[in-house]
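Only one chain comes next, encoded as structure tokens, the form predicted on its own.
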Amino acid sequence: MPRALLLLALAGLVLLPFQAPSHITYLVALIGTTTVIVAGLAIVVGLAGQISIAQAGFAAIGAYGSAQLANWYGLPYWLGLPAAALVAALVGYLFGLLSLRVADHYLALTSMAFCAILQLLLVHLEDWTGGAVGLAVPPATLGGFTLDKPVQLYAFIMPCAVFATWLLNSLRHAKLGRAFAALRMSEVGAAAVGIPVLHHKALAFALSAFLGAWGGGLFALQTTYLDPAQFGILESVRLIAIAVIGGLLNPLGPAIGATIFVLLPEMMGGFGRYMTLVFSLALLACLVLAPAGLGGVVHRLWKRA
């Protein structure tokens, strides 16, 4: 039965761009982009138990890096995006090495400082990033075709979102995921059974940064214009809220949280100015009533059914 539902969901994703209006296709693709970014956050915060408020910074590396590789060197996105994501993964690994010296709220402050410094660099390095004015993103090309329509971007983004969800589910049962779980429960206990704590903490940050940068590059393709304000500390906090609402330890959590975050403003219409209040109340409700997130609620309902 779960496999049948999974096949139905995948079939629905395949058929959606042929039946839905272009705006709906764009929104679903935006859900996919957010899912990829938040999936990286679920690895480092959910699986490994490390506090990170730097995910928006990693997304900025992917967005600006892939865009400028295309602008300066004419590098196609299918090469520029992986290159930017690998650079972000290296930065994430080096940042994870700092976790040996700091932990808990000190690690959160350090990651917050990293995100703030990166945003300042985006503003002041005008020759490289366009500064506060922003940066135009060239459309991606594939085989001589320009990917600038919602349906084309949808076909490029959704497989990435499905892969990120599959990766989260696979990590839960893999040896690496069990090592992350040991770190989350007790670093001393993990070291006692022979797990190299520092390496695995840095690896968790590297995987998180890779997915965050990959999602940032996809976000750049959708928005076609980058603004440093899109990659600040508040955006990192909002990504954490999306992960918590969806469920940090559930492989479908990023997709569920991203769906609520993207569709809720559309549903509120003229009351969109109260979006921050509504989203904050939803976060508080999840923390009190559903600590495992909405993904955990769906899982419990499925088991009862």
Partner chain sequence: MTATLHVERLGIRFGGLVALEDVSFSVAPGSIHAVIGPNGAGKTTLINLITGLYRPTSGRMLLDGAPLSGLASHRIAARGVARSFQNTELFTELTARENVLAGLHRHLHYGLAETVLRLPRWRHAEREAAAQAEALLARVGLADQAEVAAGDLALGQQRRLELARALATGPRLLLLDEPAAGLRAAEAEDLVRVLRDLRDTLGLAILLVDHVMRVVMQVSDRITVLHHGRLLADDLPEAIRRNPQVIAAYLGGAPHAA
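It should be emphasised that the depicted structure is a prediction, and the values quoted were computed from it without experimental measurement. Residue numbers count along the first chain shown, from 1.
The discussion below concerns the form predicted together with the partner chain, not included here.
Looking at 78-86, 163-171, 213-221, 140-148, which lies within 4.5 angstroms of the partner chain in the predicted complex, counting heavy atoms?
-> Looking at the partner contacts, the answer comes out as 163-171.
Evaluate His124 for contact with the partner chain in the predicted complex, applying a 4.5 angstroms cut-off between non-hydrogen atoms, and reply yes or no.
-> Close contact is absent here: in the predicted complex, His124 is far from the partner chain, nothing within 4.5 Å, heavy atoms only.
With the cut-off set at 4.5 Å between non-hydrogen atoms, does Ala179 touch the partner chain in the predicted complex?
-> Taking the distances in the predicted complex, the answer for Ala179 is yes, it comes within 4.5 Å of the partner chain.
Does the partner chain come within 4.5 Å of any heavy atom of Gly189 in the predicted complex?
-> Gly189: yes, in contact with the partner chain in the predicted complex.
Would you please decide whether Lys175 lies within 4.5 angstroms of the partner chain in the predicted complex, comparing each non-hydrogen atom pair?
-> Contact with the partner chain, yes.
Please pick, from Leu226, Ile157, Cys115, Leu207, the one residue with any non-hydrogen atom lying within 4.5 angstroms of the partner chain in the predicted complex.
-> It is Leu207.
Among the candidate residues Leu27, Ile260, Leu249, Leu69, which is the single one with a non-hydrogen atom no more than 4.5 Å from the partner chain in the predicted complex?
-> Among Leu27, Ile260, Leu249, Leu69, a heavy atom within 4.5 Å of the partner chain in the predicted complex occurs only for Leu249.
For the stretch 280-295, which residues lie within 4.5 Å of the partner chain in the predicted complex by non-hydrogen atom distance?
-> None of them.
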